[in-house]
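Next up: a single chain in structure tokens, the form predicted on its own.
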Amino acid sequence: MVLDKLGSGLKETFRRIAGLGIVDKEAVERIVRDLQRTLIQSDVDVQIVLGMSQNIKNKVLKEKPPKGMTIKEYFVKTLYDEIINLLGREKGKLGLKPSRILLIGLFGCGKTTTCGKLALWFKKRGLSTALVACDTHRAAAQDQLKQIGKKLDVNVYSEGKKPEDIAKNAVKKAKENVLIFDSAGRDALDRGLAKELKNLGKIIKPDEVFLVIPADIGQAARKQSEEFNKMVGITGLIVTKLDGTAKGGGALAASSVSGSNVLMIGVGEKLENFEEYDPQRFVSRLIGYGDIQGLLEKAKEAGAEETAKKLMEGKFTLNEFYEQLGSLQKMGSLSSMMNMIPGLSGGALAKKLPKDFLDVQEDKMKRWKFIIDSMTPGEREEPDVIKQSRVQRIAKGSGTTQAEVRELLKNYRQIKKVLKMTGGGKAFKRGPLAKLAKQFGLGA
């Protein structure tokens, strides 16, 4: 999961608040200390953490809760709001219009891959898109971009020896709605890069200049974004590699105080692992409340909207299981999908799922599909009718073993049981914090 350590620490903090008998000064200070430890371990700047901590204590201990809200609920809401402020209060918005986009950033930040992710994002939304290979410093950069372009079936412009010549030719010849310009990756303090980027800016006249920041840069994100902004004037940030570092909290927090909004985040190596950054929905996932809107958006793109709705309702026959297997490559892993369902984001319910089930390998996925194909419509709808004689028939018809059929059924029954326990997020509509969850739109 994205920012797994930060997420697990925040979930534990919210659980401790929910378990408080009395919300007094001692309890608040104890929980705030735990929160500080979690944030600092995620590389969030100490001064930012201390300022946030003081805000929480001042509000919870000195202010009167809003009418109809208990002190415990107010404590949770205050903490939730402060975390959103920390990671970026405003949601960035990437416009769907003809535009020229220049991507800049450090060497090794994932900029070239991000060009492809952006191209796919725009293409899915109906805009013709092309890539421009202006990185002539890294030997493999242009070849990498051409491979990405071939995979996406989009044009890649690379005619010319110098970045400026390549940009001029692309601007002159390209007919696509969106042109995405890759550039060389170097430190913001590099004078040669500064001159090159300024020249490119004059030629391209970009509508957007996006700074690509790797999550593992941590607190240095703030300094780099400020320096790049002085150099060429950035209009937004893209944070990459959020799936593989504990420092992502620091990068997001540093970016949020740099004066530029984080627009998009990269949450995996595949071109599809890319999403708009919405701080409220992001934090909601981190603390285990899920992201129903995000799940439905992913499902809609993959043509599996009805499946997603049934999942949220706790209705999960082998028909939905089969459809989900077919949509995995488009929607992402089952693991990422579960993080969007309230109650299944790394909590106790998620631990009840079969080990290694959430990230099923491609070969096993194919074999499971063969097994489901060999079942009758009735067996897919009501798998409980499948006894030993049917297992034998299904295994023979699918070219698999009986053990594999039983493994599939076991996994299916366990995940169905867990989904029923969440009731599609209904657990957050009951209990002492139900009113609070409703107030800030979580798990609804």
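Numbers for residues come from their place in the sequence shown, where the first is 1. Only a predicted model underlies this, so the values are computations on that prediction, with no experimental measurement involved.
Absent from the display: the form predicted in complex with a small molecule. The rest refers to it.
Out of the stretches listed (365-373, 82-90, 234-242, 252-260), which one is close to the small molecule in the model of the complex, meaning heavy atoms within 4.5 Å? Selected stretch: 234-242.
Please determine whether residue 197 contacts the small molecule in the model of the complex, using a 4.5 Å cut-off between heavy atoms. Judged by the heavy-atom cut-off of 4.5 Å, residue 197 is well away from the small molecule in the model of the complex.
Determine whether any heavy atom of residue 110 comes within 4.5 Å of a heavy atom of the small molecule in the model of the complex, and answer yes or no. Contact check for residue 110: yes, within 4.5 Å of the small molecule in the model of the complex.
Exercise: residue 268 in contact with the small molecule in the model of the complex, heavy atom 4.5 Å: Residue 268 belongs to the contact set for the small molecule.
Considering only heavy atoms, tell me if residue 138 and the small molecule come within 4.5 Å of each other in the model of the complex. Although the small molecule is absent here, residue 138 would touch it in the model of the complex, with heavy atoms inside 4.5 Å.
Looking at 76, 154, 106, 264, which has any heavy atom no more than 4.5 Å from the small molecule in the model of the complex? Partner contact (heavy atom, 4.5 Å) among the options: 106.
The small molecule isn't shown here, but in the model of the complex which of 128, 219, 144, 229 has a heavy atom within 4.5 Å of it? Residue within 4.5 Å of the partner: 144.
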